[in-house]
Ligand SMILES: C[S@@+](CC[C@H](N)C(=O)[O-])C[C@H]1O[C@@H](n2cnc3c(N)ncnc32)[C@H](O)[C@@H]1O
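In the block that follows, a single chain appears as structure tokens, in the form predicted on its own.
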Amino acid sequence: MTSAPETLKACCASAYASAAARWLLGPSFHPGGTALTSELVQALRVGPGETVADVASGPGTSALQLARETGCYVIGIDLSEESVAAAAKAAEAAGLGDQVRFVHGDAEELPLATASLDGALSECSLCLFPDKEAAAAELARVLRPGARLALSDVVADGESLPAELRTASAWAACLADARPPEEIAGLLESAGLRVEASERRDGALAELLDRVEGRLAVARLVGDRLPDGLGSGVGRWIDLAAKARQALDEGILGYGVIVARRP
């Protein structure tokens, strides 16, 4: 996997803004769905009058959920201008346009002031950032003292990943550059955060793979009538999903949740 970082970021942003991604992954775009998002939201310990960022907010589903469940003000940040526009429309349609706003921005250089947030949410996105140290530093920078980061992500024993899960396609699928939970915790600690909790949720990834494999099976049947022409390369994605399933069964892949606080 040799693509330049800026190319990787642009490709991932475009992929997750697509109709195909929504069709394959569902509205939440991440393992665990709204139930796991609620757990992360509770871990932030925020409420009305406070400000929280959803980093790599995608279609805005989690940002809107966060606003509804806490009453806080939410800033969704995403590298895809298309996703930002779609999420803003969703906020208006939900009657949350005054409580949730979406902005274009890079997680490795957040468009936020230092110590301006009462919390931050990051779901299944650190694995997509080429410069994870910069992203961790930015997450720490924008949090106020005492504020928390609630993060979930694909985790992996990178040295054991098969070659098929190290390609550019596998990167866009959150697999090629996933890190072990201990390494993610170390990145956050090095950035100045204090890890309060870390646990595995591999079952959430298994459930998402169930959905993806089921959808891809349909894709093989109906071909080019799928969104964004997904049918043209469906065999490649079926093979990738099968390799991911095998890696999950072998304990090479999984899903993790980490909560960290800025002292």
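Computed from a predicted model, the values in this text were never measured in an experiment. One rule holds for the numbers: they count along the sequence shown, beginning at 1.
There is another form of the same protein, the form predicted together with the named molecule; it is not shown, and what comes next is about it.
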Are any of the heavy atoms in Ala56 no more than 4.5 Å from a heavy atom of the named molecule in the predicted bound form? yes
Looking in the predicted bound form, any heavy atom of Leu253 within 4.5 Å of the named molecule? no
Asp157: heavy atom within 4.5 Å of the named molecule in the predicted bound form? no
Interface membership of Val74, the named molecule in the predicted bound form, 4.5 Å heavy atom rule: no
At 4.5 Å between heavy atoms, only one of the stretches 157-165, 176-184, 87-95, 103-111 reaches the named molecule in the predicted bound form; which one is it? 103-111
Thr51, Ser28, Ser38, Ser198 - the one with a heavy atom within 4.5 Å of the named molecule in the predicted bound form: Ser28
